[in-house]
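Have a look below at one chain only, the form predicted on its own, in structure tokens format.
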Amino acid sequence: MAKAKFNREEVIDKAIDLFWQHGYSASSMQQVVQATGLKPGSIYLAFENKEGLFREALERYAQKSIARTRKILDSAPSVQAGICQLFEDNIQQSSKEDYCSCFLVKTRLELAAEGNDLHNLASEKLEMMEALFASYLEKEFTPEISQRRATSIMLHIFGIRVYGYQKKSEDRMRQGLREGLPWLPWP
């Protein structure tokens, strides 16, 4: 059997961009071929089908998000300060004109009615993110409080991600976060 001669991570990153912009259903195989630069046979050989590529795109996106979150939380003076920094980063991202929300959140919204494996995978990755927040918060709070606050963090992140790009909405988002999460040490 022939071996694939391409950088798998680069191809997956290109697929992330395509699926993130257009969603799973609206991305045709022709668009996948154009975005990745691979021939259909190579895509099928390496990923089985569009769903297989989408699954790997979700996995890679989630891994990068978790790694970025860990890096920020590990380098912050406190877990709470790190969470504030993450929110600020989300606000900055969401205020760009080319902003397109969160790939995992968009996938959950797009595939919610279907409740298929891809929807479940996106949900699982978001639950992993919530568990990550809870584990860090347990350094400063009880497990019960940590879990409630991790859920609250996720709800606020979803809000920012869905609220998205609107001119001059940054200050309103910051005020909303301060109101909804008063236990964080806002600058």
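Here, rigid core means the biggest group of C-alpha atoms that superpose within 1.5 Å across both forms. Remember, it's a predicted structure, so these values are computed and weren't measured experimentally. Just count from 1 along the sequence shown to find any residue number.
Form predicted together with a further copy of the same chain: not shown, discussed below.
- Shown alone, this chain has one stretch from 60-68, 140-148, 47-55, 30-38 that lies within 4.5 Å of a further copy of the same chain in the predicted bound form by heavy atoms: 140-148.
- Although the partner is absent here, Val11 lies well away from a further copy of the same chain in the predicted bound form, with no heavy atom inside 4.5 Å.
- In the predicted bound form, a further copy of the same chain sits beyond 4.5 Å of every heavy atom of Leu132.
- a further copy of the same chain is not shown here, but in the predicted bound form it comes within 4.5 Å of a heavy atom of Glu97.
- None of the heavy atoms of Ile43 is located within 4.5 Å of a further copy of the same chain in the predicted bound form.
- Taking a further copy of the same chain as positioned in the predicted bound form, the residues of 99-127 that bring a heavy atom within 4.5 Å of it are, in sequence order, Ser101, Val105, Lys106, Arg108, Leu109, Ala112, Glu114, His119, Glu127.
- In a rigid-core overlay of the protein, Pro77 has its C-alpha displaced by under 2 Å between this form and the one not shown.
- Taking the rigid core as fixed, one finds a CA shift for Asp89 smaller than 2 Å between this form and the one not shown.
- Glu114 shows a C-alpha shift of 2 Å or greater between this form and the one not shown [criterion: core-superposed Cα displacement of 2 Å].
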